[in-house]
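Below you will find one chain, with nothing else, as structure tokens; this is the form predicted on its own, and questions on how it binds or moves follow later.
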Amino acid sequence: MKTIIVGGGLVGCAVALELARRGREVVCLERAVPGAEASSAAGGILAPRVEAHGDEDARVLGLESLGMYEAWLASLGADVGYRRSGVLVARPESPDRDAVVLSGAELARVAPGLKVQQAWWLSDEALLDTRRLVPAVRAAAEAAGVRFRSGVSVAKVESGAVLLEDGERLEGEVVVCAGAWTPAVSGLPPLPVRPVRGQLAAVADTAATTAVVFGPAGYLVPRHDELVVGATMEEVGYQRGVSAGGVRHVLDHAIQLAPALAASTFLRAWSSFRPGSPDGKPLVGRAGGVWVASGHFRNGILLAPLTAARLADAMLDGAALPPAWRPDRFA
């Protein structure tokens, strides 16, 4: 049976790859360039304990996906800058029951540029470079037989078919992985997915910290060639762009955490749309006559391997999907 994926971001590419590896014929439709939206623009933090915010379902599923990551990346055969960097949380409250306190020499060793007295430490969390990840997943999917069609506009989805704007009809099992643009896909039942704009910036500092740092209003992500600082969370619809206020916000927060960054060279700024949901958890499962995998909000990178595996299990073997991800839970 043929499967048609609507949306070529990381989740769409991961689902396409998983299904192709299990023997499905897969076509992936993307209106722009695969991975050009939130997937490649994200910071690349894999921090399930921090991002769960006390939600046990989110914590358990996030940890399961993190546990899949090393084997999944090895199967891609590409270096995406993955490493178990650990996470520092420079906030008064503990982010998770596994967190321990670092202070003094330990804190200075992990983050010499950080100017706080102490921070919570989670050693198992990781990071990667999303600029490398999405092309690697797409290349692996193509090698597995997935056919990508870019610059394609979908007019409507329905059970067993996708109608394109030019009138072409593609028949097959449909999976909508359209991210923040899910509400614009005609034929879906109403789903509470919305765009949440995030603005990020990068500075030329590779020494401030070796770990991801979460502060009161943002984060620092050390890459081999830059330090990413972010990110705003703005309810502005589909208004694109980088604003002076947004960049100031992320830079001010970064400099408060690590004052020496004020002298660092500014490299660039960008924005993207996270696919938000009312509870911050994804919507994965049947929606009307089609499948959907959307609403991953801040955790699309983290949850991509698990989403692909669980959705393929459901589609091919009838396995149950996590109840916490049910698309109809807000009905």
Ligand SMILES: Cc1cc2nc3c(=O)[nH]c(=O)nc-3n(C[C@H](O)[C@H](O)[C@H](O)COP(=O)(O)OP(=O)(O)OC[C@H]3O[C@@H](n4cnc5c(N)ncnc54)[C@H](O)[C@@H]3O)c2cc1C
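So that there is no doubt, residue numbering starts at 1 and follows the sequence shown. Worth saying up front: this structure is predicted, and the values here are computed from it rather than measured.
One more form of this protein, predicted together with the ligand, exists but is not displayed; see below.
Visitor: Within a 4.5 Å heavy atom cut-off, is Val50 in contact with the ligand in the predicted complex?
Guide: No, no contact at 4.5 Å.
Visitor: Does Trp120 make contact with the ligand in the predicted complex, using a 4.5 Å heavy atom cut-off?
Guide: It does not: once the ligand is placed as it appears in the predicted complex, Trp120 has no heavy atom within 4.5 Å of it.
Visitor: Is Ala90 a contact residue for the ligand in the predicted complex, using a 4.5 Å heavy atom cut-off?
Guide: Contact with the ligand, no.
Visitor: Is it the case that Arg31, even though its partner is missing from this view, gets within 4.5 Å of the ligand in the predicted complex, heavy atoms only?
Guide: Residue-level check for Arg31: yes, a contact with the ligand.
Visitor: Heavy atom within 4.5 Å of the ligand in the predicted complex: which of Val175, Ala111, Val185, Leu257 fits that? Just give me the one.
Guide: Spelling it out, the residue with a heavy atom inside the cut-off is Val185.
Visitor: I need to confirm a contact call. Of Val26, Ile45, Leu61, Leu283, which residue comes within 4.5 Å of the ligand in the predicted complex, counting heavy atoms only?
Guide: It is Ile45 that has a heavy atom within 4.5 Å of the partner.
Visitor: With the partner removed from view, which of 97 to 105, 146 to 154, 111 to 119, 74 to 82 is the stretch that lies within 4.5 Å of the ligand in the predicted complex, judged by heavy atom distances?
Guide: Of the options, only 146 to 154 has residues within 4.5 Å of the partner.
Visitor: Can all three of Leu10, Phe273 and Arg298 be found with a heavy atom no more than 4.5 Å from the ligand in the predicted complex?
Guide: The answer is yes: all three residues contact the partner (heavy atom, 4.5 Å cut-off).
Visitor: Which residues, if any, of 195 to 209 lie within 4.5 Å of the ligand in the predicted complex when only heavy atoms count?
Guide: If the 4.5 Å heavy-atom criterion is applied to the ligand in the predicted complex, 195 to 209 yields Gly198, Leu200.
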